[in-house]
Ligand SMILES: Cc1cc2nc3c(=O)[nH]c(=O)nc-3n(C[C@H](O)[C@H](O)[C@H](O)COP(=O)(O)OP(=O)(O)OC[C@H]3O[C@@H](n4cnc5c(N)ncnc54)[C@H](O)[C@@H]3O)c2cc1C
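Before any questions on how it binds or moves, here is one chain, the form predicted alone, in structure tokens.
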Amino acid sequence: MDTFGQLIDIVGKDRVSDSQEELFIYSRDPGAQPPRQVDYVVMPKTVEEVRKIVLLANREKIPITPLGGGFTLSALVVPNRGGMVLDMKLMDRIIEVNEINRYALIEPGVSQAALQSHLKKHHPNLQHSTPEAPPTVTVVGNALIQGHGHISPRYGINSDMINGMEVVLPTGEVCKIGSCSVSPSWFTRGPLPDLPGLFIGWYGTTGIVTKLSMKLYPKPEYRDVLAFSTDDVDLIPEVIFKVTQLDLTEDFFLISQEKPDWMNHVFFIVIISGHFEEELELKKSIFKKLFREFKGEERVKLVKDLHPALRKRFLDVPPLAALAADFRKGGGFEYTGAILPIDKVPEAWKKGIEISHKHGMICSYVHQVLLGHSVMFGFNYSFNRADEKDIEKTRKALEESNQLTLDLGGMIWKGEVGAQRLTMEKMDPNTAQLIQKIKRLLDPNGIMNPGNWEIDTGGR
């Protein structure tokens, strides 16, 4: 029996396809990377189906690319070498929410909106860390690519919030990792060998996560936003340092864009929250006092007349700051997610503007402070999807901003294949070799999303 027939035997004819109309969708993502070939798309519903698909892929030496929401913008879930896309959207159960121990046990197809709605209805005192992304983005996918959410400045990036997971290994074995490996409860990932790290940040090259336990957090009743502005880019590291020293923010991000003119400043957006009105008012007064300490009337100003639409946008969960980007006709949007040391932000800011102007783009930035130790600095580029020349300019701008990120001593977050290669060229060679050894050990047939985290362009 051919591969397609074997896939039908596993999942049924309604959940597998090789039709060009459907494969077209899976051959690209919303970013600027070129489309690539897909041979099959399969939608499993159970762990056993995933396991059987992996065993089939091993027998036939067919690449597998796991897909959650498919919104990374860097084509991480578009196959590099054909094969099948494993679309996990039908595995969408919220299996358990443990309110006392504050965790949710979910399948990989659970979207951000689904978990947010479930908590709002059944557990209104709890929240999860929601990224600034479309509501169909999956919770598991965001955690596995080391994404961040609206409470990351307070609690860390979403991969820090993983308690444990169930994983189908590339050879077909099913593993439970974390407390669930020795306990009926999914409440923690330690104190055990930290095996979740074998599947976080690997872009589906080491296994397929079929269940995940994520930490939940208290949801304060009261929230408000304060906005401050400056034209002194060199002041940014000091402001970040002092704001995060207080450890009172729920969210803290910076935003700027060149058009319209009133947005052409550095805006510090401070989201505060509290369980009592008095707590909220105290935090507001503290931050206003802090920003007054920056001497000189023109250095940092409180934005006293923040427009109601902007206030709502910033207070939404997630805060939709990226809507301020200059979306051109055609609706394309791409960015380099640079994770930078805080003291490198001014240089990144200035050189990022140079890159944008070099390629005829209007500059816009949105970046979030991550626990006060680093920032996610977005070199944002919008383009016309119908204009190949515009797309190519965007790709070149991405390449330059990726190189700038590494030159500044930063890290490229969820980078496309080219960015991964730049990173591995910069990497300690023994570390790069260790990555290859781990991949070969877990995936001896090289079927898991091949082409990612590889040293040479020719594969294995």
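From a predicted model like this one, the values you see are computed outputs, not experimental measurements. A residue's number is simply how far along the shown sequence it sits, counting from 1.
The same protein has a further form, the form predicted together with this ligand, not shown here; the description that follows concerns it.
With the partner omitted here, the stretch from 217-225, 184-192, 386-394, 73-81 that lies within 4.5 Å of this ligand by heavy atoms in the model of the complex is 73-81. In the model of the complex, this ligand stays beyond 4.5 Å of every heavy atom belonging to residue 332. Under a 4.5 angstroms non-hydrogen atom cutoff, this ligand in the model of the complex has residue 67 among its neighbouring residues. Using a 4.5 Å cutoff between non-hydrogen atoms, residue 26 does not count as a contact of this ligand in the model of the complex. The closest non-hydrogen atom of residue 413 lies within 4.5 Å of this ligand in the model of the complex.
Checking 209, 338, 106, 348 against this ligand in the model of the complex, a heavy atom within 4.5 Å turns up for just one residue: 209. Here is the short version: of 271, 180, 243, 137, the single residue with a heavy atom within 4.5 Å of this ligand in the model of the complex is 137. Interface residues of 145-177, taken as those with a heavy atom within 4.5 Å of this ligand in the model of the complex (partner not displayed): 145, 147, 148, in sequence order.
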